[in-house]
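Form predicted alone, single chain, as structure tokens, below.
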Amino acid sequence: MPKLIVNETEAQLTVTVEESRIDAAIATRFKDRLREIVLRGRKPVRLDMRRVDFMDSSGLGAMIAVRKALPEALPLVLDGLTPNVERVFRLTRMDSVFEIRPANTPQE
């Protein structure tokens, strides 16, 4: 089971991904677990991805599936993307679908 730490406030869900890789080996379980968390919460989601060093196309597909499962009005912010992971989103133009905050961006 992918390691995800959930911190819920009245305003948002913060989910910290405690995995270094989101790839074919865990993508389906990651997607199912994350989708279950965000749909139950029904509020804006901030996904803390600072520990994720690698993501392949399976991981990207999982992220897209979770984004599609959320109502459009609810934001899914990807926070703390490492350069390798940010590159995956940029090269596939998914940076226009997700709100992305790179690892060097200060938190609000």
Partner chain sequence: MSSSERQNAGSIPRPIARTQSMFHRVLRANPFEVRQALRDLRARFAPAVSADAMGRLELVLAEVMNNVSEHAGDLCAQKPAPRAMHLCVVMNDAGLSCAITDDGGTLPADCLLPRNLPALDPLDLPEGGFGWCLIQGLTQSLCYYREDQRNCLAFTVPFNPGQFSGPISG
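Owing to the predicted nature of the structure, the values given are computational and were not obtained by experimental measurement. Numbering follows the first chain given and starts at 1.
In what follows, reference is made to the form predicted together with the partner chain, a form of this protein that is not presented.
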Within 4.5 Å of the partner chain in the predicted bound form, all of Lys3, Glu36 and Leu78 (non-hydrogen atom): no
4.5 Å heavy atom contact, Asp32 and the partner chain in the predicted bound form: no
4.5 angstroms heavy atom contact with the partner chain in the predicted bound form for Val97: yes
The partner chain contact in the predicted bound form: Met55, any heavy atom under 4.5 Å: yes
Contact test in the predicted bound form: Ala11 vs the partner chain, heavy atoms, 4.5 Å: no
Interface residues of 1 to 39 toward the partner chain, as seen in the predicted bound form [heavy atoms, 4.5 Å]: Ser20, Arg21, Asp23, Ala24, Ala25, Ile26, Arg29
